[in-house]
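Let's start with one chain on its own, the form predicted alone, as structure tokens.
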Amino acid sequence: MQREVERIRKDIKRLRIQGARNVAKAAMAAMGVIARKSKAESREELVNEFLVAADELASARPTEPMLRNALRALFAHMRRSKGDVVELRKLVEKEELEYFRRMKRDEERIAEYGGRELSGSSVILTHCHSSSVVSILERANELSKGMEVICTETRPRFQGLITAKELSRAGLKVTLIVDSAVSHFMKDVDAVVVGADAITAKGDLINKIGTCGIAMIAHEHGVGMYSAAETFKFDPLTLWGGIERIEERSPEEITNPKKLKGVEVRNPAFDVTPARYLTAYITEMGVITPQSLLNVVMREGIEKLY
């Protein structure tokens, strides 16, 4: 059991599992592994195993509130349950399956809302890789044939190549560009759509490094800037002044530092796009402006994040 959970943690840490949705799903799957394979004989012992694993999983990728929210919601259900160790195992397995069903349902809704919002666009630009963005663009192309997508390569891990391959297989016309060519191509773009790793109480977007620069360029050209995001990516800690931590990864993802004597190599994985540069978030609840997102989350019940 411990070996399997540790493998999931390492896969998250090393980006073998990528994307906020996939990371959250993997964390919930790890909770399911513990529920099924733990040798704990008491509720207290089992809860402690869940807590230790959750802490290790959450620390693997610090800029992933969707992961933390998923675990936080699971522990909220566990606290409300007064059953013994057997019932607790069943509860966690049930919540694991329900979470997967909810994610599937949410992605279908996001694809529909986003597809309709962007169906009138001829050229869309996207950055990095997001399963929600891919679903949106596939749906938009179904509604409005002939759509073209410009994908950035997305240095340093080249996740944009994943997006390009998936959309090409789906029958869309795809152009791949280097990240620094965004300004050159923006004059031909009707809309930009990216994923999301976190959303703050101010409506700011935390996403793959380079997103903020793209948003500013889009703003200067009068191009709409959208982010596909479940409301579970909202970070409730930012309500009380918490600042989303920006993960900084190994410089070896960029180059071999030993070959650059005396040169510091920095590799932040994400940046912050202020809400003023965003047109809307495409969520499972609809297309929502950044300024309205907090009200929607509060109305629906922020307790679901605890």
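All residue numbers are counted from 1 along the displayed sequence. Since the model is a prediction, treat every value here as computed from it, not as a measurement.
There is another form of this protein, the form predicted in complex with another copy of the chain, and it is not shown here; the text below is about that form.
- In the model of the complex, another copy of the chain lies within 4.5 Å of some heavy atom of I254.
- Using a 4.5 angstroms threshold between heavy atoms, K39 stays clear of another copy of the chain in the model of the complex.
- Under a 4.5 angstroms non-hydrogen atom cutoff, another copy of the chain in the model of the complex lacks V123 among its neighbouring residues.
- Contact check for E107: every heavy atom lies farther than 4.5 Å from another copy of the chain in the model of the complex.
- Per the 4.5 Å heavy atom criterion, another copy of the chain in the model of the complex is contacted by stretch 172 to 180, the sole one of 68 to 76, 129 to 137, 88 to 96, 172 to 180.
- Across the proposed site, E4, A54 and G83 without exception lack any heavy atom within 4.5 Å of another copy of the chain in the model of the complex.
- Using a 4.5 Å cut-off on any heavy atom, the residues of 261 to 280 that reach another copy of the chain in the model of the complex are, in sequence order, K261, G262, V263, E264, V265, R266, P268, F270, D271, R276, Y277, T279, A280.
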